[in-house]
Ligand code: SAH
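Before any questions on binding or motion, here is one chain by itself as structure tokens, the form predicted on its own.
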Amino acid sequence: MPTFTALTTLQGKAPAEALGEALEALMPEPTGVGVFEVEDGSGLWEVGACFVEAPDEVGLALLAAAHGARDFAVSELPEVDWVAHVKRELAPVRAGRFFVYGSHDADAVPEGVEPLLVEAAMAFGTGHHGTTQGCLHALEALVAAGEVKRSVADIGCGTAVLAMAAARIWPEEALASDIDEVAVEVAETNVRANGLEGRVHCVEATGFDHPDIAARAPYDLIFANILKGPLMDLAAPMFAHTANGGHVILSGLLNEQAAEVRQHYQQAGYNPVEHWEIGDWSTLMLSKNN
């Protein structure tokens, strides 16, 4: 059965959130509504909805006009088995010692690597994106420098690929958290699939707001592969949860956003260590010194 999407943009967070709330009352009802900032410095916000029936385009036009948004672009999407599509399209990825693959490529795992099985699912962080690869290369750089991290947190973990990678290298249990319930379920599934039960602990949390996260602080290493906005908001609490001499690895950043985020974290008390670019995406490593 086909599905439908309706997308528009407008200026400002409050108007975008108001439009998103109004969309939820539209008939036929959308199956989901999303409100996202366009991360290009324009101040634009994107509002979108998914439908299993053709949406009321007159109703959409009235909502757009009432909230000062552009006309909705409505698209019909054919029925697609997206998991099967992802499996066909995503080849295994080598990042340093790590080999990230799906079960459909189990026979392609070479000798002498740290294999990480990550199934195609409704969560970010398969290892194929430049941000995740950048984080894995940063982790490899820490290992090459002789670092041993005994307390590791992966904030906004998605599939938990980064927490699992750390657990494969160092002996202590890593913590993986995500704001999204589905992502946490996916993370737990991947942890079991990689035989890392008891080595990666998954929790649902917003930022650092969870008793399990607080109990394990301070951290020798924190991954945060999210987006510029949340990264900026997390700078102060991240500093409070980082051990002296510890490192943070930040990604989810377009190359042109990296300098601003690095400066923001320097103002929070961190020292820049390294900056990697993979395609359009940047990964930053910073340290908290005594």
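The first residue of the sequence shown is number 1, and the count goes up from there. Only a predicted model underlies this, so the values are computations on that prediction, with no experimental measurement involved.
One more form of this protein exists, namely the form predicted in complex with the ligand; it is left out here, but the text below deals with it.
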| property | result |
| --- | --- |
| Proximity of residue 206 to the ligand in the predicted bound form, heavy atoms at 4.5 Å | yes |
| 4.5 angstroms heavy atom contact with the ligand in the predicted bound form for residue 117 | no |
| 4.5 Å heavy atom contact, residue 179 to the ligand in the predicted bound form | yes |
| Any non-hydrogen atom of residue 190 within 4.5 angstroms of the ligand in the predicted bound form | no |
| Stretch in contact, per heavy atom within 4.5 angstroms of the ligand in the predicted bound form, of 106-114, 140-148, 159-167, 193-201 | 159-167 |
| Triple contact flag 8, 20 and 69 to the ligand in the predicted bound form, non-hydrogen atom at 4.5 angstroms | no |
| Single option in 28, 230, 237, 59 placed near the ligand in the predicted bound form, where near means a heavy atom within 4.5 Å | 230 |
| The ligand: the contacting residue among 261, 49, 63, 226 in the predicted bound form [heavy atom, 4.5 Å] | 226 |
